[in-house]
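The chain below stands alone, shown as C-alpha cells; this is the form predicted on its own.
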C-alpha cells in the first residue's frame, strides 16, 4: 500500500463505509460536543475505545492503525508533558523536580521546573479528548468520498468556495505525506541520513533540509490547482449538485444524537449550577452522584 493509498479514502462494504456521509458528519459534530462537555476520564476513555471499535468495524488496514497509534501517542505525550510542567491551577502537587530553584542561572531564571500530578491528570484528559476526535476524524476521512463530502456541504447551504477549500485541504493531506516520503527517499539516495544523530543542531538542520522542499512542492501544486479551478470559472456561477437521498433511518439516528447532545448539555448545566451552589434539588441527589462519576 502506497503512502497516498494509506491517507486517501478507499471503498469498502462495511457498515461504516455504507453510512451516508451526512450521517458521519453529524455524528462527528455530536461527538465533538460530547467530548467537550464531559470531564470524567472514565467516560472519555470509553468514548475513545468506541472510536477504536469503529475502526475495527471499518476494517482499517495495519498501516492506518500504525498512523493512528503514532498520532495518538504523540498527542498523549505532548499534552501530558506540557500540562505537567506548566500547570498553574491550585492546588497542585509536586511529584518531581527537574530544575531546582537553587541551581545557578537556570534555577534563578525559571524559579524551578517541577512536574505536577494534577497537570499530568489534566493533560491526560485533554489528550483523551484530542485522541477521540483524531481517531473519529481519520475514520471519516478514510471511509468517505471527498466528492460526496463536497456535495453534502453544498446541500447544507454552505458557500461553495468555503466547502471547496475544506475538501481541498482534506485532499491535500495525503499529497503532503506523499511529498514528504518522496523528499526523504531522494535525500537517502544522496547519502543523507536525517535521524543518524539525535542532537538538536542535527535535528534543526534535518528539519530545514526536509521542510523547504516539501513547502516548495506544495506551493507549486497549490498554484497549479488555483490556475486550474480559475480557468474553469470557479465561483462565477451557481452550482447544481446532485446527491443521493439521505436514508430516513439515518436521519432518525442523527435526530437521536442531536437529542442526546441537548440532554447532555442540560445535565452539564445542572451539574455546574449545583457545584457552585446556585441550584440544587435534594430529590435529585442520585442523579448528581451519577453525573459526578460519569460527567
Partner chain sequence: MKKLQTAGFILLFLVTLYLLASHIFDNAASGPALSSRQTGTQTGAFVQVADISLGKVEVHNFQRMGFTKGFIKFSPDSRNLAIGTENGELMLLNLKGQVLWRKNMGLGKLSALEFSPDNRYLYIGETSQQGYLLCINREDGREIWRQSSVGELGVNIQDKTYPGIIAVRSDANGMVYAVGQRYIRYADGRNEYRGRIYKFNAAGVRQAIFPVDHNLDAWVSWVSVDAGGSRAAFGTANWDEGSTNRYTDSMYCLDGALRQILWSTEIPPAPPYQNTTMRSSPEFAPSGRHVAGVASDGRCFLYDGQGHELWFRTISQPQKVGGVYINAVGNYVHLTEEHAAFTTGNTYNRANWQLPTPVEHPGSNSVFVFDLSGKLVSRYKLGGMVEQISGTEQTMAIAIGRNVRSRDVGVHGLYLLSLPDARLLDYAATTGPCVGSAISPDGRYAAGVEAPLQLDDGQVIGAYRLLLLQRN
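Positions refer to the first chain, counted from 1. In this text, rigid core is short for the largest set of C-alphas that superpose within 1.5 Å between two forms. Owing to the predicted nature of the structure, the values given are computational and were not obtained by experimental measurement.
Just so you know, the form predicted together with its partner chain exists too; it's not on screen, but the next bit is about it.
- Looking at its partner chain in the predicted complex, residues 138, 144 and 295 place no heavy atom within 4.5 Å of it.
- Residue in contact with its partner chain in the predicted complex (any heavy atom within 4.5 Å), chosen from 73, 105, 165, 204: 73.
- With the partner omitted from this view, the residue of 93, 224, 185, 88 that lies near its partner chain in the predicted complex is 93 [heavy atom within 4.5 Å].
- Look at 65 to 73, 224 to 232, 26 to 34, 243 to 251: in the predicted complex, residues with non-hydrogen atoms within 4.5 angstroms of its partner chain sit in 65 to 73.
- Contact annotation for residue 77: at least one heavy atom lies within 4.5 Å of its partner chain in the predicted complex.
- Though the partner is left out of this view, residue 285 does reach within 4.5 Å of its partner chain in the predicted complex, counting heavy atoms only.
- The closest heavy atom approach of residue 117 to its partner chain in the predicted complex falls within 4.5 Å.
- Within this chain, residue 10 is remote from the site of its partner chain in the predicted complex, having no heavy atom within 4.5 Å.
- Of the residues in 118 to 132, those that come within 4.5 Å of its partner chain in the predicted complex through at least one heavy atom are, in sequence order, 121, 124, 128.
- With the core held fixed, residue 15 shows a CA shift below 2 Å between the shown form and the other one.
- Core-superposed comparison between the shown form and the other one: the Cα of residue 169 travels less than 2 Å.
- Relative to the superposed rigid core, residue 111 undergoes a CA displacement of at least 2 Å between the shown form and the other one.
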